[in-house]
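So this first bit is one chain, no partners, the form predicted on its own, shown in structure tokens.
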């Protein structure tokens, strides 16, 4: 198999769009169903996230007058392509993509592209609500990326490499606990979940930076966000969870940890109120900063 064919297969099939998209819709349904149960509601049927996406893809796209059309259309495409490319980098069993040296750096870059696209979308749409949402998203990214990046860098220091497979095979130590805690601290804000759903606070700014998007373009943004849940849960397992050698046991651990993460995020969202931007920013620079220092110190203590 040529490298081009291998990358195309990884991008489109496994671990790419064909497999990751249904998994993302299932995880979205699971979180919505669990949240509904915690709130005493029935919740959506199993295929509801998929139906919602299909409905969006079948609607007409409305582009506001006066906006740069090329940028308006390109942003959701770039966001989805980057998060799908991040899936290609993940060292999951059966990934046909050739190994890339320093793929941790590439992965971190690809994970930031959708965030940048959403920030730019808020300003490109020329809506007051969109600009407020974009500003909030930009400021939040400065806050939650402190513990997020520190957790990954700490693991790279511990393993002595910026190769994801090397990080996954690193011997378990204190750094896994401390850096894993820093990663979990950043996770709700990265996924715009309560109490850090500040950039898309529907009661305040309707839909945040994506307020002017509709139809298939909004569907691409929504799919990119759903895939981000898959990538981040997979990344947590790869970096911080020691996996058994037996493939079946590893699969069980993988699924169990992923479900535990989703349930934890859902419980946090159901039991907390949305913070103000200043509160969230202070939280991440105080507590996230402390966790970052602890994680980096643990990573250096090889």
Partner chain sequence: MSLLDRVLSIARRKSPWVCRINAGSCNGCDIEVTPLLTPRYDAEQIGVQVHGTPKHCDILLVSGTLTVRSRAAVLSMWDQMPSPKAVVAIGSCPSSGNVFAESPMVLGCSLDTIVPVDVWVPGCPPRPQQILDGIVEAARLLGEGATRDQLAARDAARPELEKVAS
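Numbering follows the first chain given and starts at 1. Everything numeric in this text was worked out from a predicted model, so none of it was measured.
One more form of this protein, predicted in complex with its partner chain, exists but is not displayed; see below.
- Shown here without its partner, the chain carries 32, 40 and 62, all of which come within 4.5 Å of its partner chain in the predicted bound form through at least one heavy atom.
- The shortest heavy atom separation between residue 55 and its partner chain in the predicted bound form is within 4.5 Å.
- Using a 4.5 angstroms threshold between heavy atoms, residue 199 stays clear of its partner chain in the predicted bound form.
- Residue contact with its partner chain in the predicted bound form: residue 213 places a heavy atom within 4.5 Å of it.
- Taking the partner from the other structure, its partner chain in the predicted bound form has no heavy atom within 4.5 Å of any heavy atom of residue 242.
- Comment: its partner chain is not present in this chain, but in the predicted bound form one of 149, 139, 191, 207 has a heavy atom within 4.5 Å of it, namely 207.
- Of the residues 90, 218, 124, 185, just one reaches its partner chain in the predicted bound form with a heavy atom at 4.5 Å or closer; this is 218.
- Residues within 4.5 angstroms of its partner chain in the predicted bound form, judged by any non-hydrogen atom, belong to 218-226 and to none of the other stretches in 154-162, 92-100, 79-87, 218-226.
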